[in-house]
Structure formats: structure tokens, C-alpha cells
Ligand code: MEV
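Quick setup: one chain, the form predicted on its own, written in C-alpha cells, and binding and motion questions come after.
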């Protein structure tokens, strides 16, 4: 039996502008997707998802929620290593700290943790680049034309700057800024496709949208320069850049009354900056906060009943937690 984990992620800066060639900055979180694999006597392959409350057995129609790992990961591994996983007697269980489709990269975390679990179970030679390759195949099934940022951050961890390709340009921090991030759930389902299309339609009508995208890109570059300072980074400046970034995203129409409520709640209760994270409309709101303010803001969040996570930066990426 073995258990693996892969971190979820949040976008710190650059949403939507990244679609048009500007940089985005993403961070791995101490919030995880897990895969547990155990040997069973029956010569088959069974996958259970706790969050989707379903169980799939090889030979049955594949539910859409499991198509990325079945058609992306399993088929790739069977092809490259000439194995028949469906005859290997495997029971795989997938579970996570946060709900699926919440905007924190759960699909990529699932693919990454599942890939490592299978490769480790088969006891074959692999490295993180190979895990990333298979997880990206799964992401193509999930999202059609993924950027690659979600699976990359789940594999390697840390903070990275991403500019879409081909080929994509990815730069990782060599030294880490100690950040405390707070993520508050709007409880509104995110709809990335809808949000991206809304912005695209707006851009087609108003040329000034290109100026907004350029400004978001400049904010991401400025934030990256600050983050590269590591422990000497100005956290207050990063918070201010977050606030400006949010204002520009709001001008694109991807905020909502609930997002604005949470953004200002965080700012009024100790956050140095706050913004929507991901595509917007729903999903999570992100804030940056000093360590000494965490206790008080948690108390206030509990009082109003928001669901939230407080996270530092995950540095390790995907890893094996247990094997016996």
C-alpha cells in the first residue's frame, strides 16, 4: 500500500492577461490531493473518488470525472512501459483537502498524485519530468488546451512565473519569499470557460481592454521582481499590487458581489492585499497576511461562517507520503 500527495495551486498575479501572452505567477499550496493504492487479489483495476462519490471498475464506461486519469495517465503508462494495469490487481482511491472544480487546480493535483502512485507501484524508473508529461496529457482531456501551469506547479512546487508558448516560458524562484496566504471560498462554482469568453468578447468590442491586459502584465512583472528578493521582499508592496490587480480584473467583469464582499472583508480584517484568484465569477478569493494577524482573522472568518484555508508555500511538489 502506498499514498502520494500533490499540492493544489493559486494564481497570485496575472489572471486573464496570461491568455494574451502576459506573465502569470502561480504558487503551490499546503493543500493537497492524495492517491492511495493497495493490492487486491482480483485481477482488475478499480478507482474510487471520494469527492465525486463514485467507484469505477475496468471494463465499465468511464465517468467523465475519471477520464483524465484513465485516458491520459493510465493509457500513457501502459503504452510506454508495456504493462497491463487493468490486470494488475490495483485499488486506487483519490481524495483531497478541497472540493473539485474550486479553482485551486484539483484536476492537475489529481493527475499528478495519481501518476506518481502508479509509477511507484510499478517500481519503474521515473523522474518529475515524466510525471509532468503524463499529468499534462490528463490536463488536455480535462481542459482541451491547458496552459500547463497547473500540472507543472503540482509536480515541482514553489512559485513560478509562466508565459504561454509555444513553447511556454517557465521560471521558478531560486529563493522563496515566506508568504502566508488565505483562501476564502465564495461557494459559487467557478466557470473558467465562461469567464474567458466574457473577457474575449469585451476585448473584441473595446480596444482599451488591451491596455488593461498590459497593466496586469506589468503588475505581474513587478511582483516577480519583488518575490525574487526572497526574505527581503516587501510584503506590503505585494499586497498593494494584489489590490491593484484585483481592481483591473474587476473592470473586466469577472468579479461578483460575493467576491467583492470577501475581498473587502479580508482587507478590513488584517490582509495586506486581496483579490480574486483564477478565472473569477466564483471560486476562491486570495489574501496575503502577516503571521501575527492570522489568529484574529481566523476568529472573524469563523464568526461569519466563511469556509477558508490558510496556507504557506509548498516547496516540495508531488511526493510519496507512505509505502509499506
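Note that this is a predicted model, so its numbers are computed, not measured. Numbering follows the first chain given and starts at 1. Just so we're on the same page, rigid core means the largest C-alpha set that superposes within 1.5 Å between forms.
Heads up, the form predicted in complex with this ligand isn't pictured, but that's what we're talking about next.
Of the candidate stretches 48-56, 31-39, 288-296, 271-279, only 271-279 has residues with heavy atoms within 4.5 Å of this ligand in the predicted bound form. In the predicted bound form, this ligand sits beyond 4.5 Å of every heavy atom of residue 243. This ligand is not drawn, but in the predicted bound form it has no heavy atom within 4.5 Å of residue 250. Among residues of the shown chain, residue 130 is not one whose heavy atoms approach this ligand to within 4.5 Å in the predicted bound form. Contact annotation: residue 146 falls within 4.5 Å of this ligand in the predicted bound form, judged by heavy atom distances. Proximity to this ligand in the predicted bound form, defined as a heavy atom within 4.5 Å, singles out one entry of 170, 196, 176, 235, which is 196. Proximity to this ligand in the predicted bound form, defined as a heavy atom within 4.5 Å, singles out one entry of 310, 301, 19, 313, which is 19.
Residues of 217-244 are not found to place any heavy atom within 4.5 Å of this ligand in the predicted bound form. With the core superposed, residue 163 shows a C-alpha displacement of at least 2 Å between the shown form and the other one. Shown in the overlay between the shown form and the other one, fitted on the rigid core, is a CA shift at residue 194 of 2 Å or greater.
Annotation: Cα of residue 149 displaced by less than 2 Å between the shown form and the other one, core superposition.
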